[in-house]
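One chain follows as structure tokens, the form predicted on its own.
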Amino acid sequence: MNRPISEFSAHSYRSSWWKRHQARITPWLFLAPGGMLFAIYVIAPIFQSISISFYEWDGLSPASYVGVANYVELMDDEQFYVSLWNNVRWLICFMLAVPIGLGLALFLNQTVFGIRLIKSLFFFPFVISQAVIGLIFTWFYEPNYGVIAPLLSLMGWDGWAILADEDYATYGIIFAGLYPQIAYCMILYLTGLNNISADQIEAGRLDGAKGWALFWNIILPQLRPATFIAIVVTVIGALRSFDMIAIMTQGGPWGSSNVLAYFMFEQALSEYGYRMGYGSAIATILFLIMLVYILYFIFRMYRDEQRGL
């Protein structure tokens, strides 16, 4: 039985509409499942956490609305400023991972016998759990029988317990955190070095560039994408530092090595707190700090793409 002309026209119109918009719609169809999961498990909890920060709640009894009281208390909490300053110290010291990772990548970017084994040994710290690294460095820092105890004795610091020292505990944890972060930056730069244009290097050598001039003017600009990713990941890693502190010092001694993430855990989920609202306020402050940083780098990335860099 023949279909009416109007039905064929409607079918033809739908088909032509899909063909006209297929290139735009298809990517969104593929992104939709992941976008839904991201909205449910990431975006929604963020807003829920911000909402909880306006309540006094222990996680079991009914929540009591207190407005911005948690934030007012936070501004007067000395431990909050100690934790914030420790996050700044993490951020500054963690940036050492980028140039050290670059230096190791340049050293390992060779074609000699056994270089793959050496690369794997340098990469090994990145695949180890952060908890395991924290335990290992805790043993290293043991004042009497640790690996570095004889060296400290030779330098006149016999029996120095680094992790029990208020002034140096944070730096001891940061040094342990740098161990796997340097390996990650090294891998990023090794990947970038494999994508460098050999023609540009050869052209630079023909123009008389060598050594530092060749590296600074030709190699380093081509490593810009790897540098961008290394800096972003390193800064985020410094701001969300938690596991090393939890394993090595639990924020001690006397809260001197606390960071915002662990301070939040102490207030909201540990036996010392169960203050979900106050912990959520700390989490919100940390989220806003990271959000400003992430938005800045997204803007930089978008601007570079617009310029065609």
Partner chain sequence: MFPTPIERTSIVTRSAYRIILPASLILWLIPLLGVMLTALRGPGDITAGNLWGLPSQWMFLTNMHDVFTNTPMFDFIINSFKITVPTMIGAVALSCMTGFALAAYQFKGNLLLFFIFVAGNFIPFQILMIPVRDLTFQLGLYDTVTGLVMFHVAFQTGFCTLFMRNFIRALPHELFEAARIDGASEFTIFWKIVLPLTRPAIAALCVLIFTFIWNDYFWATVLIQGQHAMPVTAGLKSLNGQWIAAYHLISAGSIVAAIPPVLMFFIMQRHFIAGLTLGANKG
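Whichever C-alpha set is largest while still superposing within 1.5 Å between the two forms counts as the rigid core. Small disclaimer: the values here were computed from a predicted structure and weren't measured. Residue numbers count along the first chain shown, from 1.
Absent from the display: the form predicted in complex with the partner chain. The rest refers to it.
None of the heavy atoms of Ser16 is located within 4.5 Å of the partner chain in the predicted complex. Taking the partner from the other structure, the partner chain in the predicted complex has a heavy atom within 4.5 Å of a heavy atom of Val112. The partner chain in the predicted complex comes within 4.5 Å of a heavy atom belonging to Ala183.
The partner chain in the predicted complex is approached by Leu188, whose closest heavy atom lies within 4.5 angstroms of it. For a residue to qualify, one of its non-hydrogen atoms must sit within 4.5 Å of the partner chain in the predicted complex; all three of Ile229, Gln250 and Ala261 qualify.
Only one segment in the set 156-164, 72-80, 115-123, 89-97 has residues whose heavy atoms sit within 4.5 Å of the partner chain in the predicted complex; it is 115-123. The partner is not shown here, but in the predicted complex the stretch 120-140 reaches within 4.5 angstroms of the partner chain through a heavy atom at Ser120, Leu121, Phe122, Phe123, Phe124, Pro125, Phe126, Val127, Ile128, Ser129, Ala131, Val132, Leu135, Ile136, Phe137, Trp139, Phe140. The Cα position of Phe297 differs by 2 Å or more between this form and the one not shown after fitting on the rigid core.
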